[in-house]
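Okay, here we've got a single chain as structure tokens, the form predicted on its own, with questions on binding and movement later.
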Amino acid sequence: MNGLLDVVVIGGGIVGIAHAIEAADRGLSVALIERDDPPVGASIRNFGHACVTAQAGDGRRRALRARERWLELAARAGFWAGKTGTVVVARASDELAVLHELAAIRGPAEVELLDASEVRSRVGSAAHDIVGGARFRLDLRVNPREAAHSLLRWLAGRPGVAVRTGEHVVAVEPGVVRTNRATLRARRIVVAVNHDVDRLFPDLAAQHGVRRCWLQMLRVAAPGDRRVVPGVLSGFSLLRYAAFRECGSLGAVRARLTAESPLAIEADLNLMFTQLPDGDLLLGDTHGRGTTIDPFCSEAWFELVLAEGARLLGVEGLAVRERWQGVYASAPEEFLVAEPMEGVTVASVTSGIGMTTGFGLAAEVADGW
């Protein structure tokens, strides 16, 4: 693809892919540049969980739009996206109070309240301390190790689209992208490099407080080969997502968990899991933040996740198959959308909800074209 392009997208994760698809669907010529081959960033290291109902404000609006896009693209590109919903497990009365409050706010079309036996059945848990829970009806799941790669392969086969993997961007100027292999010219440039905004625009990253957030995650064998269709969240998850902040009863949960589980609070634990097609569970996750990723994982934090995961499932222990670090952009605001120079848009999800909202964010950016 030579000459002047309509759009160049830098970054081959979900947010970058989403912008390239928006361009192609509008009949624009587009090149997507990704430094790794294949991509190995946040878009494959996560739970594959589109957590729609737990969002609020801009995140909710973008999540709802992204939900429809996920389902549409699964059919077009040939990968699995399941309307599985999410079950939130309550193991204390204050957690259940939060879920009842959210159900009153969102209504039964989004939040279905469950009793303890229904929760145990849906998440395959034998835990005796479960007091109830809720099902978030709108949430989706994809296989994170398949979805982004399937979308890239499908995108590369579309007319007017060039996917350039294994190519590193060294400079961006108005209308120009310089890589270690070529110089590309375009009317519009989208920089969707997640946590690496500071590599190209350090002042912008500093202005918006963008740091790197690293996560410790595990792949474990499902106890007893149990099948778990929905995504599964816990009481610790209530402390993380914007929708729960609308609930006045959340303060009691935070105070109790801070007193009972200081290590979990230190590790910023979001205890949750999803299941891969082969039956293994993706279990996590902890959160650490800084300008540079700490390469050394805390075994105490891994042990914490395993212990809490086993307790949630009501089993003595879990067999680990893989351990890894996830990473994403973190900032005081959930999203970074900025134009540091004419014709150049920086778009990043800075709150760990890229799989949930990325397609909605890209659609809004493209609407502005």
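Residue numbers here begin at 1 and follow the sequence given. These figures come from a predicted structure and were not determined experimentally.
Although it is not shown, the form predicted in complex with a small molecule is what the next lines describe.
Taking the partner from elsewhere, V349 is found to have a heavy atom lying within 4.5 Å of the small molecule in the model of the complex. Mapping the unseen interface onto this chain, G360 falls outside it, with no heavy atom inside 4.5 Å of the small molecule in the model of the complex. Taking the partner from the other structure, the small molecule in the model of the complex has no heavy atom within 4.5 Å of any heavy atom of D139. At a distance threshold of 4.5 angstroms between non-hydrogen atoms, R45 is in contact with the small molecule in the model of the complex.
Every residue of the trio I10, E34 and V193 has some heavy atom no more than 4.5 Å from the small molecule in the model of the complex. None of A127, A97, M217, A77 but one reaches within 4.5 angstroms of the small molecule in the model of the complex through a heavy atom, and that residue is M217.
Only one of E118, D198, D280, E167 comes within 4.5 Å of the small molecule in the model of the complex through a heavy atom, and that residue is E167. Contact with the small molecule, judged by heavy atoms within 4.5 Å in the model of the complex, is confined among 128-136, 109-117, 209-217, 294-302 to 209-217.
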